[in-house]
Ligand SMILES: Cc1cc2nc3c(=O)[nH]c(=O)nc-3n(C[C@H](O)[C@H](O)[C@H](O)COP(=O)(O)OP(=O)(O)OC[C@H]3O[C@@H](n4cnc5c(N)ncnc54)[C@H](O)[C@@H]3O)c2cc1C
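Starting off, we have a lone chain in the form predicted alone, written out as structure tokens.
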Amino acid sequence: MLSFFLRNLDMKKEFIGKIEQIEKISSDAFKMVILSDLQSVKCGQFISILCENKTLRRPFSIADFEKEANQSLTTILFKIKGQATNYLKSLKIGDSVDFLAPLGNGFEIDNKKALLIGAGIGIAPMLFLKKELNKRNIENYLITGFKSRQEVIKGSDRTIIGGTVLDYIEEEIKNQKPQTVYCCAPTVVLKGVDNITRKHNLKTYLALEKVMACSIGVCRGCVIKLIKDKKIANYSVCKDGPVFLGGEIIWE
């Protein structure tokens, strides 16, 4: 059944890419750059990689994307969490990577001053978004939080070490005066950002971090509840998201 759905995915395709770069960028995070025939992606979308000895693929946010003639370079960031990410860590430049892309809906980019928020590996799609906003000359400011100095991934305008980035959001809203907010982080941070930005009546895009099995909406393993038009319904993070509007998510 899974192969049937893969054959019928709209604008999604299986790619065999080649690793162009892999390097350690913090105490527990790695950067991987993949050369492939992937033609286009949106900020906030992700790829799903086939890992050795795993039936189901593993999802990774896109941290950068650059076209080079008829090919492209797709960058992901990953933390070592288990067998799959240890497998990725073991790969070398020139090794092949089997992945599905582009997956998910991605961010809608408003032509408005933006506050970007990331926590931990949630910085990945924020770096891609920041680069795109800069290309469009849209003013933006990225604040990120990490548990320790050793875990910091570079690229932010402000980095919070220890504690929680939530403690600084009110301050940054006051200082930066954003019109739109974007965030990718663990659930506790997303929920906090949602509560804060609703209080300030700010349009907010939240990219959820969720354990995914199929990554294409078949297994329904990453379902959440949203409220739209005063109606509550189930949505898959992988297919309907991972980006949702603030105020729509029913937090468990």
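None of these values were measured; they are calculated from a predicted model. Residue indices: 1-based, along the sequence shown.
The discussion below concerns the form predicted in complex with the ligand, not included here.
*Asks:* Does the ligand get within 4.5 angstroms of any non-hydrogen atom of Asn175 in the predicted bound form?
*Replies:* Because no heavy atom of Asn175 falls inside 4.5 Å of the ligand in the predicted bound form, the answer is no.
*Asks:* With heavy atoms only and a cut-off of 4.5 Å, decide whether Gly82 touches the ligand in the predicted bound form.
*Replies:* Output for Gly82 is yes: heavy atoms within 4.5 Å of the ligand.
*Asks:* Can you check whether Glu209 is within 4.5 Å of the ligand in the predicted bound form, heavy atom basis?
*Replies:* Within the cut-off, so yes.
*Asks:* Against the ligand in the predicted bound form, would Phe46 count as a contact residue? Criterion: heavy atoms within 4.5 Å.
*Replies:* The answer is yes: Phe46 has a heavy atom within 4.5 Å of the ligand.
*Asks:* Out of 64-72, 35-43, 186-194, 49-57, where are the residues with a heavy atom within 4.5 Å of the ligand in the predicted bound form?
*Replies:* That would be 49-57.
*Asks:* Between the ligand and Leu77, Ala124 and Pro242, in the predicted bound form, does every residue show a non-hydrogen atom at 4.5 Å or closer?
*Replies:* Spot residues vs the ligand: full contact, yes.
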